[in-house]
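Shown below, as structure tokens, is a lone chain in the form predicted on its own; questions about how it binds or moves come after it.
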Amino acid sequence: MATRSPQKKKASTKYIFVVGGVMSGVGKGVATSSIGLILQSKGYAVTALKIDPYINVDAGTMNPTEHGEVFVLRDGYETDQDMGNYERFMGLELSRDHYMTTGLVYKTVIEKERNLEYGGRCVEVVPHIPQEVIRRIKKAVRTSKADIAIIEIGGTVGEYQNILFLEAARIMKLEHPNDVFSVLVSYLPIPSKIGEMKTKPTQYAVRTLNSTGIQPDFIIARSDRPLDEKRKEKLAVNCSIRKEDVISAPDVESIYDVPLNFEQDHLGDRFLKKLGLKAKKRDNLSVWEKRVMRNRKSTETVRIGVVGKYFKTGDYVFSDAYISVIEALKHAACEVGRKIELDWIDSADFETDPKRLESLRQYQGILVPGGFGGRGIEGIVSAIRFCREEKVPYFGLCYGMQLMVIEYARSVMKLADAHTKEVNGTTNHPVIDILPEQVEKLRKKNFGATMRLGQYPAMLKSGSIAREAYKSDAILERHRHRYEVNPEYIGQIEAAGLIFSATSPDGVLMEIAELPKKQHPFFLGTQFHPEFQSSLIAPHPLFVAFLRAAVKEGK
């Protein structure tokens, strides 16, 4: 009788929690993405999750000038911009399983309680909220079939808002002592009047983390310059950590240098040793490094003006509102062998002083990103007209396409009051109108997660700029909008010369508008957001086509 060979037991999943110390905005998302990329290069399947300590159920209703860009996943979930970094670095397509907020977790627990899913027990903040967090983490791991999950906890240690998520990490470590690890990303200041890098704030951050029951396994030390051996020794002694597990993370030229910089401290091998794993392959990030070096060697620049309305927060420019657009431009610039030079142009400036439009001549291309509402849009429309008439390459995204259609209707078709019903509900020529299924939602003030969201197919017309760029007849792109080109005007618009080169498969929704290349070097807008599907390794074809046109016209 044949004996059955024993089945090899599947290795347990490893969990890495990434938390912040001292202050926010020092790069936890990029650190998380870089760790994931490095572990992928060692041969492991990696997934990533983001936990945001907001009462908002998702990121869709957050103001971009306060919170930054809303990143839309393939399944339509509206999330924090760090999810975009995870996808761009690791080549992943994440789902709603990989993002949670305080509001979502509480909402789920309350709904379960109302449905008697707790069997009539007294439902409490602890342990039920951390247990729900843990359930969601493990579900994301199952759906993605990951060997390693990296979980970024928003905010910094010591904040009341994220203490329940740290509690979830502590409980997971108690349940899986050999499979759960923690990383503290902390800032080391160098006061200008002192001139010495200070470790004390990070020491306090570690002790605050210790007070939650968590000891970091690694410290990623952010600063404007590399960490020296003396500072590593001080952190090791005072934070109960090995010196080699303190990873230097100085400011670098590009976020894409970060994983390469981490590997100088052998972060990948240190992680595998700590996780009890062995490298399955030795890729050493060669493809990634080639792209980074290609960008670094570029000596010529391409200058692009970004005309928008979400730039200013007080006295500062807040470019995070358009972070995916910025990164997509960088990816395309690398592809065409240029360094990108971006200028932020507040569209309201053109409304107060139309003569400023002449300043657009200095740019090789103009991009108008997405947005909502009426503030500053007349300035954008005038900028679009300037680009069309002066043959400056123009690329409009979402609202940028809608305003492009409005400008064309006003200037070429002579429909003087052509507008979008989003701004002017009584216009005689609503060339942009609300999607029919959205009318009732707005009437009921049902704003959250109710737009046309996520990935949809479109068909491309042969002979168009878009078809030439994609080299395909069909595409899948991500959307986030309520308004569309009004079907009643499509025939008139095309008869006047503007081409709708991509439509929904049924031909009802207009996805790309453009002028023929014989009329303009590049005058194109998309109803979708192509920036959500661009990466350093795979730049988006429309961004590449835009920059190629900009480089050509700028010679």
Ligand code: GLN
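All residue numbers refer to positions in the sequence shown, first residue = 1. Here the structure is a predicted model, which is why all the values come from computation and not from measurement.
Another form, the form predicted together with the ligand, is not on view; read the next lines as being about it.
The candidate stretches are 477 to 485, 154 to 162, 383 to 391, 119 to 127, and the one lying within 4.5 Å of the ligand in the predicted complex by heavy atoms is 477 to 485. Taken together, 370, 399 and 402 are fully in contact with the ligand in the predicted complex: each brings a heavy atom within 4.5 Å.
Contact annotation: residue 529 falls within 4.5 Å of the ligand in the predicted complex, judged by heavy atom distances. In the predicted complex, residue 78 stays away from the ligand, with no heavy atom inside 4.5 Å. Within this chain, residue 422 lines the site of the ligand in the predicted complex, having a heavy atom no more than 4.5 Å away.
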